[in-house]
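One chain comes next, on its own, written out as structure tokens in the form predicted alone.
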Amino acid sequence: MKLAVVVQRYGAEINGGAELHARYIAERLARHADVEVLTTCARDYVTWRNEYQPGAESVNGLTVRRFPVSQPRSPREFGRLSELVFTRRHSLRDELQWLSAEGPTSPALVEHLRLHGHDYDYCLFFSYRYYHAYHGIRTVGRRALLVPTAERDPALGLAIFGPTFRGVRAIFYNSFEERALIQEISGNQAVPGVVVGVGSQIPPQASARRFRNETGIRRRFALYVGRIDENKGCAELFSHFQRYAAGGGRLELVLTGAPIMPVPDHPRIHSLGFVPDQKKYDALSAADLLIMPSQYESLSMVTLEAWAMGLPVLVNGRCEVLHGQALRSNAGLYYASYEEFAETMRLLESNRRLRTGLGANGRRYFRQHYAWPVIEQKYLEMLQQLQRDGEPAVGGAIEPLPGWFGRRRRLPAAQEVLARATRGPVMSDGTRRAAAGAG
């Protein structure tokens, strides 16, 4: 079997989000199939500037074909169009302009799929909302598989994406919440899909002592791993933590990740910047708990990594994916207000037995659902099922774009569409719990 993994940017040094997810899956599937990666020359997700050379290269033993981005993103134009399609009535034509403005716009990648898409048994697209996925899926049709990496953000309410979700051959979801949300908004229940997620490469040795010796941090701490960004909930985290510390809380806060926003100058907040993987795992080994404050996540790989290492987590309960993961695993607590944040922090700092129990549950949950053999088997079973089924009765037939008048028909704001979708975590049996309350 020959597979193409198609993703917006790709590289051994790209360490987060859907791109890391795509690399992990590509490298694992390469043990069972002939895998090739198709991507752009962009490295930076804000500008999409061409920084890699176009053409083929080898990354960790896989052939990676890079195609140039035709134009960098204009933040001003992208912001203007986002405001229009997310908050006001607009047209399909406006949404297509938004898609091009978001980027990374690479007609050359789409042209490669037009000319050579038949060379692959399946093309596995990562991240539904980008140019390469929207146009690439329309180009390869029945060969298209999708890993949406969708969050509850306004882009999901855009009308252009419904045909994508209804037309691909199969979908690999990150969580029960993602599947329920996409199915409710797009009506794609007939398309084969499986909740898979992604595994993680946990090193055999992680050392709390090494972390403390290298950093000089001796006191107990809660850890945040990821981009230090308001969009990741860090502004609220800083506000909550400073109030908690002023109120007598004993834990310190350690941050690892590139700062996109200012970090408070506070004696108990330690920002280490971007760190290599080994140091990240050493930090997880040394921490009392992981905090995940983001309200918008499709999975959260670092949460899974914390559980793999037996560490309890404290998550933002307004993120239904994280809320659901905490409930299904019984390996973490969640908060939706400062009062809940402070109470759960104090409970975790003072109750070692609770921390140990939650951590053990997390390790068990990871092994049952996110160990690499489990992830690989789910992918392989779906691919084998698709091959046995042959030509699908549904899925793979992308609805054509409407004509001139249809593209100018007025559509509701994407935020309005999303606001009508049911909220709350989803349990393994498909039932939905109420939205976040007390942890």
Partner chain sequence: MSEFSVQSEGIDVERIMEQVRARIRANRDEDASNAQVREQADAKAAQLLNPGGARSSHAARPPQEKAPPAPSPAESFEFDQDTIYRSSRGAVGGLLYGIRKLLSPLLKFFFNIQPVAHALSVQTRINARQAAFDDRVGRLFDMSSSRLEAREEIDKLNHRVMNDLVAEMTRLSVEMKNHRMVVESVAARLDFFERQARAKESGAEARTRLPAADAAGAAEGQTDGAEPTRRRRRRGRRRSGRTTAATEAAAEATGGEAAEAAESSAPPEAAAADAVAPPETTAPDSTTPPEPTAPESAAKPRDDDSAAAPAEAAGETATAREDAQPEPAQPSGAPEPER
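These numbers come from a predicted model, not from an experiment. Residue numbers count along the first chain shown, from 1.
The same protein has a further form, the form predicted in complex with its partner chain, not shown here; the description that follows concerns it.
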{"property": "Stretch in contact in the model of the complex with its partner chain, which is absent here, among 156-164, 188-196, 259-267, 345-353 (heavy atoms within 4.5 Å)", "result": "345-353"}
{"property": "Contact test, all of Leu327, Glu340 and Arg433, partner its partner chain in the model of the complex, heavy atom 4.5 Å", "result": "yes"}
{"property": "4.5 Å heavy atom contact, Asn361 to its partner chain in the model of the complex", "result": "yes"}
{"property": "Contact flag, Gly141 vs its partner chain in the model of the complex, heavy atom cut 4.5 Å", "result": "no"}
{"property": "Heavy atom of Ala331 within 4.5 Å of its partner chain in the model of the complex", "result": "yes"}
{"property": "4.5 Å heavy atom contact, Gly357 to its partner chain in the model of the complex", "result": "yes"}
